[in-house]
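Have a look below at one chain only, the form predicted on its own, in structure tokens format.
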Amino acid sequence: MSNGPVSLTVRGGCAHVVVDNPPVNALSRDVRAGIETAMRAALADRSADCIVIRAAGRTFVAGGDIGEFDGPLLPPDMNDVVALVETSDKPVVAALHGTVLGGGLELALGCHARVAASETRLGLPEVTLGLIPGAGGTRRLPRAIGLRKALDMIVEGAPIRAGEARTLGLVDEIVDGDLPAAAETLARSLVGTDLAPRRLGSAARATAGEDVDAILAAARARVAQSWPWSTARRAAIESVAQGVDNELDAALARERALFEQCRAGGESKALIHMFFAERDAVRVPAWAAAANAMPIARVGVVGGGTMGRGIAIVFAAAGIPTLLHDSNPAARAAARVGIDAHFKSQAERGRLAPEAAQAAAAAATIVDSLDAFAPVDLVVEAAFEQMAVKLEVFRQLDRVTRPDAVLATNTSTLDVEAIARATGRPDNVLGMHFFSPAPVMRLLEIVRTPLTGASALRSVVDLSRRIGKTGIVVGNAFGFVANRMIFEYQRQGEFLVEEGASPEQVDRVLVEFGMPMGPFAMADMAGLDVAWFLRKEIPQMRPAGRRYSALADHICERGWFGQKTGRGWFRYEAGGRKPLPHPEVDALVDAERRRLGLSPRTVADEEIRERCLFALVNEAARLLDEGLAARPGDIDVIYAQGFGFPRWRGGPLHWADAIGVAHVHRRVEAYHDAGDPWLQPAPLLARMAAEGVKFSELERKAWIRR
């Protein structure tokens, strides 16, 4: 029997309910209905004494169908499906493999026993989408593994491996061989036994030896400290608490009510937006999707500094043989030491097996000459951020590498098209802007120029997945997307300090908003000398006739470059990273105000928040209008992954939609009219405000240039 994505077969007295809804067997309405229909048929079939629920493909059920969460959830309700499984008078065993997440784990918890392949991962990650389990997970999981561990899994949202699940009692057996056969054997062994103790929903309170009140209090305190913004985690704890003693129906009703409250809230909408935005952002652009990607088996990296070493580590960690060259012998030696130290540290911390760490380090080879790059498929240049230097490097690479090799620059600001034109293969040249530290940061801006060929772009987008990066294609313009926007954000912070705010106040306001650090602490961490060099070299950093803050220049003139020198906008104790007040900067700011003829005024926190964050939104509208970003969601992902914009706000453009584009436009216009030329409303922002259009609607309305 087949019912769409769910089939039923009976063999030798055992019914097999098989979910087949690729790619991840999500619990769509058709799947829920299919399981319900198949279960009823199996229960009615007199030739079947037991039932196995399993899934085809690479995974068991990996959760609900997130695409359905925007509207009403159509029947059958997953609670009813799980209840049908749990109350079955025939033993039901779940055969688990791949990822068993969310509603998939709740379905498995409704079964009377569970067997799992050894690589299986199990979890309830709903809080990462601003939700709580909605099909009995907060009731049944504590009864399966105890209250303390269940709360850890639900509040953290992180899955556990099959071995741990077996130790906790969540899984009855781990199977390395024929999983369906093992599940069938276990199901047969349960025929004729009392299934009541295995029905977790109605099982007695399973908190023997646990101090319920203390465990719940500790969980609430942990959420208040680590996730103070998370309404979902607070709701999950309340749902677990309700499920400890209440009758099953009452506990499930409260869980569902809390689930619906979360689903209607801004946190869930923002996190689900980020989920889909991240999925869409890494898609190959349509014009390049049909191109043949070059297999990239060997890579070269130019530059032995911090960024070059980090990029080499990224490729080596992915098992890609990597050559690194720097013209300075000392830099080459330091690169070797740094790469080896990185992988040794990974092994010591348990993040890599010692053998894997040794293999990764061995995948990176330091070479004395660029001539060694002759056989590579891709070269990433991470030399000094100066156009003359990069042009010379690319001329040499054009000479020594194969004509079909892709050449990429890691520049964060310079004109990639100008670099491409220095070669005889401009169609095979693009930007790969890694974020620092490269081994840690997921974001990768892939910069296309009008000359970039479809094959080169397709090759690098595909490669970004292999190396674990979120590769987002952006256009070629000063600062691309990420830095062009962040310059506006930082510029407003400096203007606010000139006018009367302090660096401490600006940073505090933005951290309270949800940023991991404020613009001044961020600048100190990155190194003030880097941006100082750019301001002196690149005209766009200080355009003629526009307001310019020289505060950061004055700080750099004193040799204060941030954390690495112990002084910058803030002061840092030896080896420390905590920003401390810097009275000498306060004096410098006072002197600069006098030079500019500015009388310091009291700056409200709201003004700081608006001017810095609305500057991001306004510049994003310009980027979309100029065709430098493909979709608003790409910008949200860039800011969440590259700069820590709070995911629970959905990125700057989703946040702007939530508070109202017209409101953002009014405030930007007001600040511009008050004398800030940098906050002139972007034409697209003005048009959106006038016509009541959200950023989320721009693609549908075809308002974005491609």
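We number the residues from 1 along the sequence you see. Since the structure is predicted, the reported quantities are computational estimates derived from the model, not experimental observations.
Here the subject shifts to the form predicted in complex with a small molecule, a form of this protein not shown in this document.
Heavy atom contact within 4.5 Å of the small molecule in the predicted complex, the stretch among 469-477, 82-90, 225-233, 251-259: After filtering at 4.5 Å, what remains is 251-259.
Full three-residue contact with the small molecule in the predicted complex, heavy atom 4.5 Å, for Glu385, Glu417 and Trp532: Not a single residue of the candidate spot has a heavy atom within 4.5 Å of the small molecule in the predicted complex.
Listed residue (Ala48, Ala62, Met39, Val661) with a non-hydrogen atom within 4.5 angstroms of the small molecule in the predicted complex: By the 4.5 Å heavy-atom cutoff, the listed residue in contact is Ala62.
Listed residue (Pro133, Gly562, Gly308, Gly493) with a non-hydrogen atom within 4.5 angstroms of the small molecule in the predicted complex: Selected residue: Pro133.
is_contact(His672, the small molecule) in the predicted complex, heavy atom dist at most 4.5 Å: Because no heavy atom of His672 falls inside 4.5 Å of the small molecule in the predicted complex, the answer is no.
Distance check, Arg547 to the small molecule in the predicted complex, heavy atom within 4.5 Å: No.
Partner contact for Gly67 in the predicted complex: the small molecule, 4.5 angstroms, heavy atom: Answer yes; at least one heavy atom of Gly67 falls within 4.5 Å of the small molecule in the predicted complex.
The small molecule contact at Arg188 in the predicted complex, heavy atom, 4.5 Å: It does not: once the small molecule is placed as it appears in the predicted complex, Arg188 has no heavy atom within 4.5 Å of it.
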